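A lone chain, given as structure tokens: the form predicted on its own.
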Amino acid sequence: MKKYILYSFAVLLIFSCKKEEIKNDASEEFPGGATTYNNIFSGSFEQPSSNLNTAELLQHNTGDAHFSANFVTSPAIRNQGLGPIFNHISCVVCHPKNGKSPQPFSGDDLKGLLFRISVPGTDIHGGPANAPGFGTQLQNKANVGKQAEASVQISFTETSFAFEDGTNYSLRKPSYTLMNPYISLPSNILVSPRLGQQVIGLGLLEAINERDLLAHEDISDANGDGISGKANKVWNPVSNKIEVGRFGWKAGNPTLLLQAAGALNQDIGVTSHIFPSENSFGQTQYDGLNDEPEVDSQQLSDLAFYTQTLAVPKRRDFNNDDVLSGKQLFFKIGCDKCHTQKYITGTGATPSVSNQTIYPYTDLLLHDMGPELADNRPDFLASGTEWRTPPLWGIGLTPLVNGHSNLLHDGRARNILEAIMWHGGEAENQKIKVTKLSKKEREQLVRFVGSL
């Protein structure tokens, strides 16, 4: 009788655990909380948060116009200030339909790829040190009569691998060479390729309480799980203090206002009250017009507000059995150790993003991803092997919205599974676990990630 009772308890426990494993939180179907957009189509990344009031929607639409605008050279009636050196003429070139830029195959068209540059050492605030004559970003285009800083040559190396079940796969690694510089490049220049990311849900990420982000730090890996995330601490020239970085591939920006101002200045060559100097100042390309700032504070605020109020699309196949099985694998493997599932936001830039239960699947922290993904360029506290965990929401809609499935910082991964197999460093153990999965399990894992 005693054995029967123990056996019955064990069976009950097994089935209880199994039921708990596949339990789905109903609110996760709406990853952006009340901001979530419900319709799924090719414009799903271009929708305002669903809970904006009339005044907020008006400001969002004004910011949308700035985000889509093509800047031109000065003087001009509207959208003046392009260049004299730049990467692109608008925000949407790097963030097409507010999504991810595809990986370029030729230096003749870099699409949304740009290159951060520096030399060893730091500036006075602990950030990357300017490359003499080039600054901290390479501008590969120039106005008429001016010279671009350099051009880029791209090549690829393909390497074959196999999962433990014998299924073959390959990874394609790009290499970049800076060509035709307007002056000699520093011999010790550090180069980091960065591809334009999707811009949905950023206001929600900005509204996460700093203490909730720092609670996930484990810099010395005190719990021994091999994961040692840390927050980047970066200089904010608006507040004149060091703050926690949240945005960009290495969490190099603390706020969306600063992100917008920096992109205008470095990517397009447009000045603002935050960055009032041309990116070419001190170089031979400098125009000397002294017409700064080229966008006023309201335009900049509206542009930042637009990125703060873009909706996150609703989940797809939320209750599908394979998706649920893939979710179990995601947590069993330990992917959630960096891709943190859930937060409740604090007070954000607008009430629409405040006090929302969200499911971004990121900790916004820096993690060592190993030598194969390294750019070997430090950025404040980020080492040359560390990258910020990107949010996964919307990842499965990239083929629909942008017509490709390129992932990672330079687009080298051609799909979700390749992105997983590029993981190394702190995620090496998780990658090894994926190599041991069956073909069906790999498909379930990918299908779950693609449902986010």
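These numbers were taken from a predicted model, which means no experiment stands behind them. Just count from 1 along the sequence shown to find any residue number.
This next part talks about the form predicted in complex with heme C, which is not shown.
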May I ask you to state whether residue 37 is within 4.5 Å of heme C in the model of the complex, using heavy atom distances? no
With the partner left out of view, is residue 139 within 4.5 angstroms of heme C in the model of the complex by any non-hydrogen atom? no
Is residue 382 close enough to touch heme C in the model of the complex, meaning at least one heavy atom pair within 4.5 Å? no
Any chance residue 420 has a heavy atom within 4.5 Å of heme C in the model of the complex? yes
With the distance limit set at 4.5 angstroms and only heavy atoms considered, check whether 60, 234 and 349 all reach heme C in the model of the complex. no
Just to be sure I understand the contacts: of 151, 354, 79, 197, which is the one whose heavy atoms reach within 4.5 angstroms of heme C in the model of the complex? 197
Which of these residues, 186, 181, 248, 104, gets a heavy atom within 4.5 Å of heme C in the model of the complex? 248
Have a look at 211 to 219, 313 to 321, 278 to 286, 368 to 376 and name the one stretch with heavy atoms inside 4.5 Å of heme C in the model of the complex. 368 to 376
Could you pull out the residues of 332 to 349 that have any heavy atom within 4.5 Å of heme C in the model of the complex? 333, 334, 335, 338, 339
